[in-house]
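This document starts with one chain, in the form predicted on its own, laid out as structure tokens.
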């Protein structure tokens, strides 16, 4: 058992080295120093308390999305529509705020209702993709991509239509909500400890749901072999829908956090691409919830740290995306190589 774990660790380290090696070659070909680039990215993420707080701001929605995707991946489903579910969570959160802002209710209650509304919105949007697959025969990848486009278009319509700012409609989004209706932030920082707690609680719940419950066992059985699970009496279509609902609720929570704790309004790019980034994190950790926190933190740090590249080195900040993609690619390649070696040995 120990030998197998060491071999697995060796393959993962090899993937990490290859990813950084590939990105270093790209940097050298562009006439830039890889060491300087990595140093600036590190300092841009961890060089001060404020910078690290920004990393955690990005970490929270990414962790929530990853937690949800672990459920659908366990059920053997590629929930590409998670990006749209984040957006829909933000839309419904904004709608709840607009509905209750002038009600005279306690702001804390309205914040809770807004976040719960975002979770319901994300869950319903995910369920539509699940229903298209279960009863319409539409592959969840194509259904999810279509729902993503609809959610994004709906956001633009609301910002430039019914919810536009008084006298003007712009890409800056809807009218900001009053400060008392935002999740409390740490002093002089954009980080909400409540949002951070929500993300950590979510991944802990998903970990125990998948590892220590009868529901999680059945969900994995559906993912491993849909036909066999059905023959064993597991209501496979229900478990597929359950996984979409759970994932959508957590993605909706990510959208709600973006509105209630980060931007305090609805923006055209409110998801910040966390849905697609969460897919990369989930694949990189091989769907193991125990690795979600450190890897999501790494990806958040790469995103925030890369902001320094155009400022200090005149490099494009998209380098972090190249590195993230390279990490996933080489991890998948090394995992494939490991599986082949195992088959040959047996």
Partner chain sequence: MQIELKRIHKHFGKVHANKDINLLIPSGAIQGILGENGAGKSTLMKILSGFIQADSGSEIILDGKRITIDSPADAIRFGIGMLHQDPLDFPPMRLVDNFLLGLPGGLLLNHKKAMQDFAALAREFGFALDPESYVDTLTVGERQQLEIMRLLFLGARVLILDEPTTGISAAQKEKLFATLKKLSAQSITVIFVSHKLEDVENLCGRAAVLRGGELVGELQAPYETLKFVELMFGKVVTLGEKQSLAQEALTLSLNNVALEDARIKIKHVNLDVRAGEVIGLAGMEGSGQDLFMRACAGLARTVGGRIQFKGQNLTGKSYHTFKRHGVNFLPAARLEEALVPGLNLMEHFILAEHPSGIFIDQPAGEKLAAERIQSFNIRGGPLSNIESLSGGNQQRAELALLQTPLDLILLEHPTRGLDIESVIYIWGKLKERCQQGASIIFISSDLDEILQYSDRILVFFAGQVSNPIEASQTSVEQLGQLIGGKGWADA
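Positions refer to the first chain, counted from 1. All of these numbers come straight from a predicted model, not from anything done at the bench.
Just so you know, the form predicted together with the partner chain exists too; it's not on screen, but the next bit is about it.
When contacts are defined as a non-hydrogen atom within 4.5 Å, none of 158, 164 and 176 contacts the partner chain in the predicted complex. Of the candidates 269, 172, 213, 106, 213 is the one whose heavy atoms come within 4.5 Å of the partner chain in the predicted complex; the others do not. Between the partner chain and the residues 241, 124, 234, 200, the one pair within 4.5 Å by heavy atoms in the predicted complex involves 234. In the predicted complex, the partner chain sits beyond 4.5 Å of every heavy atom of residue 116. Although the partner is absent from this view, residue 190 stays clear of the partner chain in the predicted complex, with no non-hydrogen atom inside 4.5 angstroms. Contact between residue 230 and the partner chain in the predicted complex is found at the 4.5 Å heavy atom cutoff. Contact annotation: residue 217 falls within 4.5 Å of the partner chain in the predicted complex, judged by heavy atom distances. Residues with any non-hydrogen atom within 4.5 angstroms of the partner chain in the predicted complex fall in just one of 205-213, 179-187, 92-100, 244-252: 205-213. Contacts with the partner chain in the predicted complex, taken as any heavy atom within 4.5 Å, map to no residue of 70-98.
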